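Listed next as structure tokens: two forms of one protein chain, kept apart as structure 1 and structure 2.
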Structure 1
């Protein structure tokens, strides 16, 4: 027989267990890595994406044959958007857990404002650059090629539309997409805080509905956004899901030889398909039914073939490039990592340099040597700017710590 004391103790243990179970039930479903060193792989590949975007924006550039958009369905844009979603969730997801929805939303909106100001500043500089070149060299084709003819005809209306993100010259489509995706990040993180898998499923459902009902955002003066946010949100949300524990839960699947084999097979298939684009003599190898099913492979709506191609590349990268890879500390990769760590500034600089390179290539007839020189010069300038920004921030942080130490010493002495 049990005593009354044993019964009371037993009930206390049961109540404690129930409270612990309730705490586990109400705990957020997401997991965040412990704060520590930066994930240099993300910086590395975001920097690589910025370099590739710059090279791809140069018209008729021979070096574009060294970018992987010619050897598969996806390109650098997928890398940039995925890593943006990953890093945003990693940074602001912790704020969502520790400080709550309101504080995290305020911090995200502050970042959105920074990106928006950068976009407006880039828009202004870009228009001035194109207008100056078109006027001084008596070549209105620059205005037409860069898509600013409507601005020259109706500058007042066009500026308002640009502020509303509806008017964008050529090569300025990524930042508006990034702004819209970041605007919805608080709701994505709030949902993922409790049901990350359900949130990703809802994102996939929105993607499917976009294709089914042709949802899009209109652009000025006509047409639609080059990057449809209703479709590209899937890649952004997938990056956030991976950052908040999804990648860890998929680790067994990603390490499976079967998964890696499927990824390599798909990449090889995509390579042979793109090969038929560049070598028309090989087009007979493509079955007509397969062509009818595949084409067009839409970049605007993030075709599922593009998404799958990126997933295959990402899976292989994670499998064969570990986080502690010693090459990440190599000075040869330092320029890429620095560019990735200051992606907003370097992206804006890259757009400016791309048109400058376009102008040089159009005005000076040159061969592969000139193309190589312009591409390398642009990359060197981007890397140099990234180093200057990093040096400045490091110096500012160092001075702030010194001032804080002096203030603490004065307060201790005054006490």
Structure 2
């Protein structure tokens, strides 16, 4: 599995770009990067996103209150997709400049294949779980809900649709989105090589047209993809744009006190609005007009309110968490950073652990204590696994030193 590991470190990485951080200083345009330090903030926040996605996939418990989605519009998915766009552009953008379009595309396609295999693996686990529940659980209270098992009656259709990414069980929506975004990465990078700003504008235009004309990808047996790739590509392209020099050009706007003020005001507004969801007694404070204009805040189509919320969060993070912050080296944040460095494996593990957690919770009605225990155990397992993977990588690198640089470039690219 070590070949799936993505890494931005090593000789294959841009110094200028690596300095970029989630959005401050970066190479002036798409310049050839030199060797440099790994951008730990990216790893840190991707690791955090992975933990939060795991917790959000479990039934509500105490830890759920630590996840972003309870305090604003956007959630961990935005962070994950943005950083994925950033790192992918970072790594494959370099490959494209160095080795050309064809080679970079070939490497991206190999990465796409890895993600696809990971998705099929998760689907197999899902099938096992649902088949178990179908045979063991037959409570008359839920005779209607058991209708979900009907698809087991025609496994031929269902499995083929799953392989086509059209059948998407709950909590398995992120990888198909990621696959589609990665498929278009060569095209995005090729355009960005030409004119980054125009590419970003095109991406925004596609987003606007999607909202205007209601474009979507259909799913099986009906409905649409939970994450509409036509809308979510904006975040991915924005991440790529930041990685390829956009962040640096924005740095002056980002550090202006007006921007920071607006960001804080917006975050505060979002916080207040979310508060009214959790404490319905407060909902009388919300003007009805505003409610009718705002709701529903679509996650499927990456609502502008969500996108703006993510931007505000990112701007403030970049402003107040410097790249050389000493905490990034602290052992306390090490597990998060390690998870972020092996995101595809840890993401899959997280989805699996969420399935397992649901299963244990359903079998043993243990209450809040057990909920908490399962969440913490999941995070410990994820961190432990990340540590094992990096240990593997480390010793493999030692034993196959000549391969090092090439392998790193191939593996890189933001899972």
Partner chain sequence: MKSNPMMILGLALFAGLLAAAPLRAEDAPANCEVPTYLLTSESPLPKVETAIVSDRRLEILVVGSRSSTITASEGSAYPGRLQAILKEALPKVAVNVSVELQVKKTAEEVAGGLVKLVEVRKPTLVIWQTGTYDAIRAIDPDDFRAGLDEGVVGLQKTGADVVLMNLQYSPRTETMISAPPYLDNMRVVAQEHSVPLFDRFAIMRHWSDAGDFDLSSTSHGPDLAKRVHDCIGRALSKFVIDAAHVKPAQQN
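Note that the rigid core is defined as the largest set of C-alphas that superpose within 1.5 Å between two forms. Positions refer to the first chain, counted from 1. Every value quoted in this text rests on a predicted model; they were computed, and no experiment measured them.
**Q** Working through the pair one at a time, identify the form predicted alone and give its number.
**A** The form predicted alone is shown as structure 1.
**Q** With the core lined up, does the C-alpha of residue 335 move 2 Å or more between structure 1 and structure 2?
**A** Moves: no, less than 2 Å.
**Q** With both forms fit on the core, has residue 155 moved 2 Å or more by CA between structure 1 and structure 2?
**A** No, residue 155 moves less than 2 Å.
**Q** Hey, does residue 214 budge by 2 Å or more at the Cα between structure 1 and structure 2 once the core is superposed?
**A** Result for residue 214: no, shift under 2 Å.
**Q** Report, to one decimal in Å, how far the Cα of residue 145 moves between structure 1 and structure 2 once the rigid core is superposed.
**A** Value for residue 145 between structure 1 and structure 2: 7.3 Å of C-alpha shift.
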